[in-house]
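In structure tokens, the next block holds one chain alone, the form predicted on its own.
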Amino acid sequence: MKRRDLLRALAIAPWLALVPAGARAKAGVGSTIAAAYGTLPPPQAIRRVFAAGAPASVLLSVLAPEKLIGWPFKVSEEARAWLAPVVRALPQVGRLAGRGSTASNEALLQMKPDVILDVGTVDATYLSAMQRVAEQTGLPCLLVQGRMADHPAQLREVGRLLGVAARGERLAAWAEETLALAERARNEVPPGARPRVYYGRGGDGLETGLDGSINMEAIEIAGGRNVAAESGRGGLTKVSPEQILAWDPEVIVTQDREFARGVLADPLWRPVAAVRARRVHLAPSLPFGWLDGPPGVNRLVGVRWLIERLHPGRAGGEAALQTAARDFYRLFYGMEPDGAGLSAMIGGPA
């Protein structure tokens, strides 16, 4: 874009009709739309969407992959092999959400998106950031709730806005079925009898999520008790080995292969109940994490995996898990996973 065009766009931006969170009320009770700034084009006119953060990019890649402009984060070659061809080769284009934006307003305007979409935790900071982008660029911005319980409604609502309502409905039905399965599993196990779970993130396994963290949702929905909830509410936090020994979790889950390999042989972790019982499980992470990374719709298949790991046999066993995972990859990612490759990825205890 020529400089004078950019300046003209920036000049008219403040005069946009901004529609803050009231859009949620307009959309009706139960809507996942937290805020809409600017005038959203009709569904048939939306051809290019900029994903402000990782959860938004995963949502777009499964709902309307042909409309996703690019990835807001680096997607490894190993991960791209598990994606549909239409999004496999998309470039990294930067992000607006998370720990610092990496896409400038000028770069945004040069990409000519019809809409900017963000998904995830909604608070004053995110609302303010999206409003500022809309004011400065003149581009319509949509902020959508991203909790796991929101996924069925989120898939339907964003699907309608992007003109892919039928696909949104199919994905939402799979999400609803999975969440209902998790609810049945929880109901069959009294709260006090549910396994105490530690989620170890990073190579040393010493990062985890507090009570209320979006990163811990899959574990809680699958009927696990987050041991770190005893330390209060919040997001991700670093903990000490002494703290984990005090919590003494019955199950450890992780997405980090290095940590999974080392924890069973590490004398420091040997006294932990989960290590003594060898209930340490490595969750798959391709193309995206089954537990988080990012905390988006990619976690739905992780809930299915967690039910089997936390409550063995309550969801039909390993064969049913394999079938569910294959269905998820076919339906959400548009790819047919190789049976042996999928089995190796799902695996068993670390």
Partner chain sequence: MNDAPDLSRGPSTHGAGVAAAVNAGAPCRPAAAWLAGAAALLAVLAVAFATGKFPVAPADLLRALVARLSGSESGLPEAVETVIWNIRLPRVAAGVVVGAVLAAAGAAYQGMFRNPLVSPDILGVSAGAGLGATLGIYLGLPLIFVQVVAFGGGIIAVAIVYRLASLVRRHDPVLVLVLAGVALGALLGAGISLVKILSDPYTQLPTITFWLLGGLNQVISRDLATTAPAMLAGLLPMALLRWRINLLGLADEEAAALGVDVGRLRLVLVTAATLSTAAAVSLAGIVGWVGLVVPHVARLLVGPDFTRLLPASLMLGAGFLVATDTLARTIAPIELPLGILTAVVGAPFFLWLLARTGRPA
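Because the structure is a prediction, the values reported are computed rather than measured. Positions refer to the first chain, counted from 1.
The same protein has a further form, the form predicted in complex with the partner chain, not shown here; the description that follows concerns it.
When contacts are judged by a 4.5 Å heavy atom cut-off, Gly100 counts as touching the partner chain in the predicted complex. Taking the partner from elsewhere, Ala79 is found to have every heavy atom lying beyond 4.5 Å of the partner chain in the predicted complex. The partner chain is not drawn, but in the predicted complex it has no heavy atom within 4.5 Å of Gly212. Among residues of the shown chain, Arg201 is one whose heavy atoms approach the partner chain to within 4.5 Å in the predicted complex. Using a 4.5 angstroms heavy atom cutoff to the partner chain in the predicted complex, all of Leu236, Ser240 and Leu245 count as contacting. Proximity to the partner chain in the predicted complex, taken as a non-hydrogen atom within 4.5 angstroms, holds for one residue of Glu258, Glu188, Glu177, Glu169, which is Glu258.
When you look in the predicted complex, the only residue of Val301, Ala54, Leu60, Ile307 with a non-hydrogen atom within 4.5 Å of the partner chain is Ala54. Of the stretches 79 to 87, 188 to 196, 263 to 271, 145 to 153, only 263 to 271 has residues with a heavy atom within 4.5 Å of the partner chain in the predicted complex. Applying a 4.5 Å heavy atom cutoff to the partner chain in the predicted complex picks out no residue from 156 to 191.
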